[in-house]
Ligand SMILES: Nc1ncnc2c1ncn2[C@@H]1O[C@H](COP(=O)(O)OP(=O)(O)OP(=O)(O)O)[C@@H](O)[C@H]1O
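Take a look at this one chain, the form predicted on its own, written out in structure tokens.
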């Protein structure tokens, strides 16, 4: 036991609100100064186990040992006192605060008068950033940081509070390839400094690359654990879901017809209205075609999507769906014209977590005759409709009135898919569709995208996962600095390296080059 930084034995947890047993005598042992992967499909109990370790949930039974001593952890403060810190999948930063203010929040250095010493805070954060290799300007506002930089801030928050056991929950979900490389360098450096790292992920190749030990959960039970050298990706995948899952797709071939979506010379400003975030972008998406958009985070993809779905105004240019100009239309009108949208942030933008599954599914159609009479919702019709979708989309839930916020990430995504795809859209805009999902849920999402493609919809896929884009897209558009720099046919010969050169601005196809620029971007 002396070599263990952490041991959790016989951990059980049942949620009374829905009588779901999240953990059943789960076991979790982590060697000191190691990188240990915790894996399992959505709903396997990983998050619940880590919440118990961090004092955010109380176990019904079981024991926790930290550095060989049994401990009772009742709060996050208790966990920090024991040197345990967790970087959550959904960041908890205050965007209007500077990096240093976020890092020290709740543990600010104060002078004799009790007033926060901002100079001391900045100095401490700067030293911590330099020592840990997580170099970042302590004075910059979080709102100006990329996703990868924000993750650095979250890790610095944990280290600032003295964590020796660092838990990273789905840390690479929305990172670019280079940001993942940087993160892995940080993880290895933390290990060199004597830290113990728990790495929670669904990306099996990353687990094989970064981890030394692995524990696999399924249905709240510890299925297996041991040295990563005793496993391969295929074995881990099988143990996670109890069956073999192949993520390859044949990309159904469809005859391309008229354009479902046409974007012409679109210009979109940033939220302050000072600079252009999207600079004269033009492209089309045909019916039966999947067009992927690749690009390093912060190069205009999110602003483009917000303009397409009506959440951001257009400065110049036009948007057409099935020939109808929707440039100035409301979001409801766009949906009525056949536009559907699956956002990358399924919790903040894709669902109302405090509302039921039924309410989430009919949120865009409650006003129609099918579900409304004289201003009152016809709940019997709504529940019946929802029950059918629960079956069709294999949503694991006690019933249609169950709160969405109590579902696993994969099942929340299925609720959103059910709502959007059941409207039989002409155009589907889907962003980061498999963020944080397990292999079985990823397979389900891929199948649904192939299905709607076969049904003659045009699909615009925005993803930071190049493997995903190469798997699903027929054509790949690359954005850099708010402009399109390449349109690439995905004919099987494309490489991640080639796409990456366009993403980083090293290359630009002639048809997308600005007048007066050189053959290659510098």
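We call the rigid core whatever largest set of C-alpha positions still superposes within 1.5 Å between the two forms. Bear in mind that the values here come from a model prediction, so they are computed numbers and not experimental data. Positions refer to the first chain, counted from 1.
Below: the form predicted in complex with the ligand, not depicted.
The stretch in contact with the ligand in the predicted complex, judged by heavy atoms within 4.5 Å, is 399-407, chosen from 154-162, 68-76, 426-434, 399-407. Checking 225, 126, 327, 89 against the ligand in the predicted complex, a heavy atom within 4.5 Å turns up for just one residue: 89. Between the ligand and the residues 482, 43, 62, 55, the one pair within 4.5 Å by heavy atoms in the predicted complex involves 43. Within this chain, residue 419 is remote from the site of the ligand in the predicted complex, having no heavy atom within 4.5 Å. The shortest heavy atom separation between residue 411 and the ligand in the predicted complex is within 4.5 Å. Using a 4.5 Å cutoff between non-hydrogen atoms, residue 48 counts as a contact of the ligand in the predicted complex.
Heavy atoms of residue 20 reach within 4.5 Å of the ligand in the predicted complex, making it an interface residue.
Taken together, the three residues 259, 283 and 448 all stay farther than 4.5 Å from the ligand in the predicted complex, as judged by their closest heavy atom.
When the rigid core is held fixed, the Cα atom of residue 411 travels 2 angstroms or more between the shown form and the other one. Relative to the superposed core, residue 234 undergoes a Cα shift smaller than 2 Å between the shown form and the other one. Fitting the two forms on the rigid core leaves the C-alpha of residue 90 displaced by at least 2 angstroms between the shown form and the other one.
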